[in-house]
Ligand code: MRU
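For reference, the chain that follows is the form predicted on its own, supplied as structure tokens.
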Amino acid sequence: MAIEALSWEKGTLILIDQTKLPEELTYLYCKSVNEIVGAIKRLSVRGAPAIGVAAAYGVVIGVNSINTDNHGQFFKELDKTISFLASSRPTAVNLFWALGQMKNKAYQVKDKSIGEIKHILEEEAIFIHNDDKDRCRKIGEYGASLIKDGYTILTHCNAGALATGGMGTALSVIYVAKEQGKRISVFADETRPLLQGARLTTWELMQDGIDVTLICDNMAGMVMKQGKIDLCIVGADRIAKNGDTANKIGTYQVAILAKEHNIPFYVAAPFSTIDFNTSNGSEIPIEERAFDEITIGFGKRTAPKEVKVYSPAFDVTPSSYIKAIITERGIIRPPFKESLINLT
């Protein structure tokens, strides 16, 4: 995969501005924490793993702007920076995981000079980024074992290179299967209201020469009934310890349809997406987005001005609909509560 959602160069976080795809491939050069938080909130960078990596680099940019020789003041400012980055999006657990890694590292070396602490934190952010690349590759290798030659896969939203620090989660399975010489095709749901499937997944797969067909969200049941789909693979923003999975809004209905048509439904995510502090899906906080993403999507009004709007960004798929969870540690099968704990 030649696509990189984000990169780090000399103290600057460089992001593909995903709000401009597929019409423009443009980059954002983030040199402040405010710029990174803004990019996360408006979805210029998105996908749970990519958000986590971006936040880790955000900590580095934040601490590099702290000008003090006083350790107490330094750590006070560090904690403020981490809290600000954590406020950017509530559902993606990788955000909090990465920020926790950065905070723990800083406090582990708190007796070193402030200059050394800053350098160590930059090394930690780079490690988190490279580690995500490795995790994506391993997810792809495990998941590709589920793909047979000639399979057609349905996916929802974007869980590829654009959503991670590496080659993706759900889409890494597809990329590795292709590397293995398997003939595969993909159906991509458009993913309303921001069309991540239409704008991002189709664009990304086409860059890699993978056969992809775009469908509206409400066509998934029909193509399943017609026998066009062999399995479904999606990503995840948070997985409860019982296997309940939060992912982009619309995922739950895909899982229901897959079960009705006896089609395996898989979740692909790094192990860090599993939140062992959340016992089930009802405890996962669900972000609500601005109403105008539905009523004035992409600059054109499509609903009356006074209409009431409900716009959750995610839904939760109960674990009973999930055939297996593909992680870098292996393929986890039900009962998830026991299986997940066994891999810790």
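None of the values given here were measured: they were computed from a predicted structure. Start at 1 and count along the sequence shown; that's the residue number.
If you look for the form predicted together with the named molecule, you will not find it shown, but the lines that follow are about it.
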Flag L85 as yes or no: does it have a non-hydrogen atom within 4.5 angstroms of any non-hydrogen atom of the named molecule in the predicted complex?
-> no
Any chance Q196 has a heavy atom within 4.5 Å of the named molecule in the predicted complex?
-> yes
Examine S172 and determine whether its closest non-hydrogen atom to the named molecule in the predicted complex is within 4.5 angstroms.
-> no
Does A48 reach the named molecule in the predicted complex if we count a contact as any heavy atom within 4.5 Å?
-> yes
Mind telling me which stretch in 208 to 216, 115 to 123, 177 to 185, 240 to 248 gets its heavy atoms within 4.5 Å of the named molecule in the predicted complex?
-> 240 to 248
When the named molecule is considered in the predicted complex, the residues of 148 to 182 having a heavy atom within 4.5 Å of it are C157, N158, A159, A163, T164, T169
